[in-house]
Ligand code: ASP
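What follows is one chain in structure tokens, specifically the form predicted alone.
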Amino acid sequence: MKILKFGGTSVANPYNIRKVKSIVEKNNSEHIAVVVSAFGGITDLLLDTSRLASNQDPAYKESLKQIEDRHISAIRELVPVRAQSTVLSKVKSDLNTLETLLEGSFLIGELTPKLSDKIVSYGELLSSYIISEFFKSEGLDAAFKDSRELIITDNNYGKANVDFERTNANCNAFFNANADKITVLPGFVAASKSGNSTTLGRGGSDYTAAIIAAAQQVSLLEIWTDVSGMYTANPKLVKQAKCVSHISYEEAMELSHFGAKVLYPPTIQPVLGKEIPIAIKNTFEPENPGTLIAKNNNGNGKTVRGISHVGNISLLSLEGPGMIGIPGISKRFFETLSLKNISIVLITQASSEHSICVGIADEDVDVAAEAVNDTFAYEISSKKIKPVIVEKDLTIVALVGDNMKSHQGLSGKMFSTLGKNNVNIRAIAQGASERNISAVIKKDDVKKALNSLHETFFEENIKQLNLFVMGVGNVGSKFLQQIRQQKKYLKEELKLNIRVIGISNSRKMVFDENGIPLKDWESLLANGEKADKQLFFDQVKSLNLRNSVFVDNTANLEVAQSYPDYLKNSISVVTCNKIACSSDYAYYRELKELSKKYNAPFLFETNVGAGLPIIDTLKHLIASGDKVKKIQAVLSGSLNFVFNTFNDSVTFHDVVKQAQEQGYTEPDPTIDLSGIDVMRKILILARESGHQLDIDSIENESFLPKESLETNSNDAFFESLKKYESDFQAMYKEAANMDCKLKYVAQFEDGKAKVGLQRIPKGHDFYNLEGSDNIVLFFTERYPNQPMIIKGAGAGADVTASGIFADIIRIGNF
């Protein structure tokens, strides 16, 4: 004999019910018991209808009409016209009885647990009868059997306890004498010893099937649902979740207890003792092998088998000095909750006995708090114990696996993963079996927590980075192009899955939680919503994705001032915007401290030298104990390009214009030519060397005329360059006559910094610096005479974008 159970989605409509019939037909070689749930959504509708009736709201009649229409419509679609009258007559009779029960609840304004069970039982009773008649009309040897005649319980309405001795006897007597090939039974419903309808708890149809399977000692129990087995995590929240092919009874119980809704937790109890395997199958993909739950599964050596969660949890905490060393406190606490019929999901107690904390359902917490405060009223009034503390809107996340007990460091790995993603843990618990590690977190963090943990324990070390990019001009567009080009390589070789979730320019912004297709980013952005820096941050925060990175490709002050908001939410910041790190020293330090405090990398390699590893090299020197004595550098790719290109056959105006057009300068070229850009860079290097310095203490020997520096537009600036062309030519000729080249040099030594145009003689390290290249000489305790030299392209959209990209990869490797 085989037992097949079909859930609410499997029998949600006539189309799905026909799929069920095909599956049943294929198993028709032996006797089959088919246990079915109510049509999808009907149980909730019955509960809502009964609440409306008990609140004396006439709208319950409209809700009842929806229930009637669903069942009548199913009959007319499934059962041939010639056979409909008998089926319709029976169903309408049941619906009339249901209407009478609801009318009674309406008249007295009350809904007792006993009455609620009677009302809600009609979902399964109606669906199973209609499906059995459909099977018969299709030529199957099928019959209906009311489960209330087989499964006997106590009077604990809503979640009745089964009398297995009488139930097993009833099942054996019926099925041993039953000649029908297919027996269709309603799940969820049972009857008390006195004959009243009872129910086995939400999800109890699974339990019904397991009770019958155990009574008949079948070889396999099949649970048919809308997913292909039990997954490593909820696939609706974790897209990378994978089906677990084999799992132990104990692991399945833990996962189902902690929210894996594919299986009702008590289902395993009846079959566990008799070692009857359970197959979880997908009605809509019947060929998929699904998950087999059986004894002694070793999980192929894997430690964590699944990550599950249970939501709508509140923490109830009792604490105070009057608890320490006093026997009976825990007994009174748990007894109080037990008397209120409140189930405890999680327990944790400090070893000092100073506090007890339990996790319970949100819906029970107010009643629980009042009851506990009443129980300990004397201790509370005498200040020995504090009034109970309640924390709502929480979720429990749990790692589950039989092999976890033999592996060290799993708890640390779990908590480290959550901590890196700013998921605060409110309470933890681990059973003595070490099969489960549970953590209580805010419900708003559950998706991020599940995805982070799944990435850590299941995704072959592939780390997902979620980028939010502000600024898509020359540098930003090149950056997106490089990500698109390298995406496959990063995933295969570096185990990084980089997704761009948000993009903004000064006019528009666009978001896609699943990742913006980079081949279409320009058109998607053009059709996005109006740009707003605060709304951009709010959206990044509300998405609350793991491994989030804010990428600033602008030169905007307001954007630079927003970095603390991102860092405080454990969102990493990568920027080529030099404003933040060259502003007030206190702000620079604040960003550094926030990065450490919230474990959010703050990287700005491109602030100096574009894609050159200047800051990174300096950090390594300092970290290894070396000390910087002097820094000499040509740090402006734009100025180096200008003075390498300028000569007596071309005007200074034309060279600067060319530099701007080729993207070597900032949009406002005075930032480069005034020396402010170089000042910012040497300031950043001085600070990264460990020195406290502000920009107003840097000496700037400007070569530009005062009139040029004071212009208020690019047009006016370029006109001023024409006016002073003779001065620029004089500078060039003076250097050429001395066989020198003009270089704009930054220097830091003895705590002081200066920048300015210098004549560089032959033989100097700066003399042959070509094009827009940068060069930095680090004189340190280890490199006192022959400096460490870093040299290469220091300007341009491509190299700057590659420097930002390199910082992203650094974050991926953290």
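Keep in mind it's a predicted model, so treat the numbers as computed, not measured. When you see a residue number, it is the position in the sequence shown, counting from 1.
The same protein has a further form, the form predicted in complex with the ligand, not shown here; the description that follows concerns it.
A.B. asks: Heavy atoms within 4.5 Å of the ligand in the model of the complex: which stretch among 195 to 203, 151 to 159, 334 to 342, 359 to 367?
C.D. replies: One stretch meets the cut-off, namely 195 to 203.
A.B. asks: So in the model of the complex, is the ligand close enough to A53 to count as touching (4.5 Å, heavy atoms)?
C.D. replies: No - in the model of the complex, heavy atoms of A53 and the ligand never come within 4.5 Å of each other.
A.B. asks: I'd like to know if S37 sits close to the ligand in the model of the complex, meaning any non-hydrogen atom pair within 4.5 angstroms.
C.D. replies: Although the ligand is absent here, S37 would touch it in the model of the complex, with heavy atoms inside 4.5 Å.
A.B. asks: State yes or no: in the model of the complex, is some non-hydrogen atom of T780 no more than 4.5 angstroms from a non-hydrogen atom of the ligand?
C.D. replies: Looking in the model of the complex, residue contacts with the ligand do not include T780, since no heavy atom lies within 4.5 Å.
A.B. asks: Examine T43 and determine whether its closest non-hydrogen atom to the ligand in the model of the complex is within 4.5 angstroms.
C.D. replies: Contact with the ligand, yes.
A.B. asks: Quick one: name the residues from 233 to 251 with any non-hydrogen atom within 4.5 angstroms of the ligand in the model of the complex.
C.D. replies: Read in sequence order, no residue approaches the ligand (within 4.5 Å, in the model of the complex).
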